[in-house]
Structure formats: C-alpha cells, structure tokens
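Next up: a single chain in structure tokens, the form predicted on its own.
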C-alpha cells in the first residue's frame, strides 16, 4: 500500500519524528511504547515500517496491567484500523481471541474499518450464546464481549450471514447494544424501520445515548434523519459529524451533487 505520510511536510510533530516513534515501539520504557502506538495512529503514519512495527506490537507481552490487560496491544490495534493497510488483518483477527476485552474491542473496530470480510467468522464467534450470554462481568464496567463493536463491524462488512445472530440483540437491555444492532440491521437489510428506530432514539433523555444515535445515523447515511439530526439536543459538533456522514454517503451514491446533498450542506452551514 502506498503511504500517504509525508515526512518532509511533517518532519516533527509534538517533538516526535516518525523514526523515533517506530523505534519507541521497542523501547524499554513502556510509556514510550504506548504513546508511540497512539501517535502513529493519530497522525496516520502508514509507512511500511510503521505498519510492520504496529503489527508486531499486537503480540506484545511486556506491557501488562494489574488486571492482565495489554495497553500497548490496544493502542496498536486502534492505530492499525486508522492506517488502512490490510496486512494488519490476520493479526487483528488473532486479537479477537485475546483475554483483554479492550484488545478485542479495538480489533473488532479496526477490522470493520479495514473492510476485512475474512474476519466475519471470527467476529460471529464472539456472538456465541446470544443475548443470554451478553451480561455484565462482576466488578468490571463491561459485558462479556464488546458486543456493540462486534455487531457494528459485522454491519460494516455486510455480513448478511450474521443477521440471525444480530437480530436478537435489538432487545438487549443495554441501549448501546440495541443501537448497534439497529444500525447493523439497517446496513444489512436496508429496511426503513431500523433507520426510524434510531431517529426515535434522538428524542431520548440520556445525552450520551443521543450522541450514540447521532453517530449511528451518520454511519448508515440515513438521509430521512437530516432534520432530526440538526435539531437534536446535543452539541453542534456531534450534529455536524453525523451530517457529514450523511453527505459522504450521498456523494458515494451519486456522481453529481444532488438536491438532497445540498440540503444536508445547508443544514451543516446553519450549525456553523
């Protein structure tokens, strides 16, 4: 894959060069490793050397938390999704079996971003047991699996074979998981009822859930939600991101600038 990183135009960012960041992934200082992985993803440094070093970091054993987590693996997995290089796919699939919940979450998100259909079987495996198995782990702030991220990835990957696994999660007791299932079901079926369900979520009482619904509507490019997005009771920055998703979807569907796209642009202008 051709790199889009120009070392001449960005020789040094926040006191760190590309070469230093890559070298720091092997530093004895674990905090430098952690920061380097984040930095390479943040600035989309997709040089072959950076991608290779981050793939190696997916297997890191040195950086462990007291609870057994792998902080460097998490950052490396997140970064690789942003860099767009499919060489990372096999390593990210292996991360779906990691003991660390947050590594599995980051890997699922990145596999969806990398458009990796080979990951579909492993992602589906994480939904084994269905809603009954999707319960909170005592003493932890999360469920047994990163269900929302897994389901969103399956939707993004157009995994129609997963519909029967995803559909029951529409009734999961956790709203974020419901929204993820609704988002994926719209992507996989194009049934308007799922888009309408996410629109209704914009009227909810919880601010964070309204933000989540906005993000989901932007991700699926649900055009009928444009007015509801613009008037939703959240910060304008979140509205603009959702409307940007709608606009990008329209541009992808049509070669010319449609009236619908112009309406979305006008709504964005009104929020600036």
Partner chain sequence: MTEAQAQALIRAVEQADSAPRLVAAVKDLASAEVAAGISTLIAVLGYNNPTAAAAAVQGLIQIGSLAVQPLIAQLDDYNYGARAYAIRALAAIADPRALDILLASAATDFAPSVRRAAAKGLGALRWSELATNERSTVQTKALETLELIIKDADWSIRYAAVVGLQGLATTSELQIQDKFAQILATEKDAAVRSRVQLAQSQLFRTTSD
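Residue numbers count along the first chain shown, from 1. Computed from a predicted model, the values in this text were never measured in an experiment.
Not on display, but discussed next: the form predicted together with its partner chain.
This chain is displayed alone, yet in the predicted complex one of 65, 31, 237, 205 has a heavy atom within 4.5 Å of its partner chain; that residue is 237. The partner is absent here, but in the predicted complex a heavy atom of 241, alone among 49, 209, 241, 56, sits within 4.5 Å of its partner chain. Interface membership of residue 23, defined by any non-hydrogen atom within 4.5 Å of its partner chain in the predicted complex, is ruled out. Residue contact check for residue 257: one or more of its heavy atoms lie within 4.5 Å of its partner chain in the predicted complex. At least one heavy atom of residue 251 is located within 4.5 Å of its partner chain in the predicted complex. For residue 16, no non-hydrogen atom is located within 4.5 Å of its partner chain in the predicted complex, even though that partner is not displayed. The three marked residues, 95, 113 and 122, fail to reach its partner chain in the predicted complex, with no heavy atom of any inside 4.5 Å.
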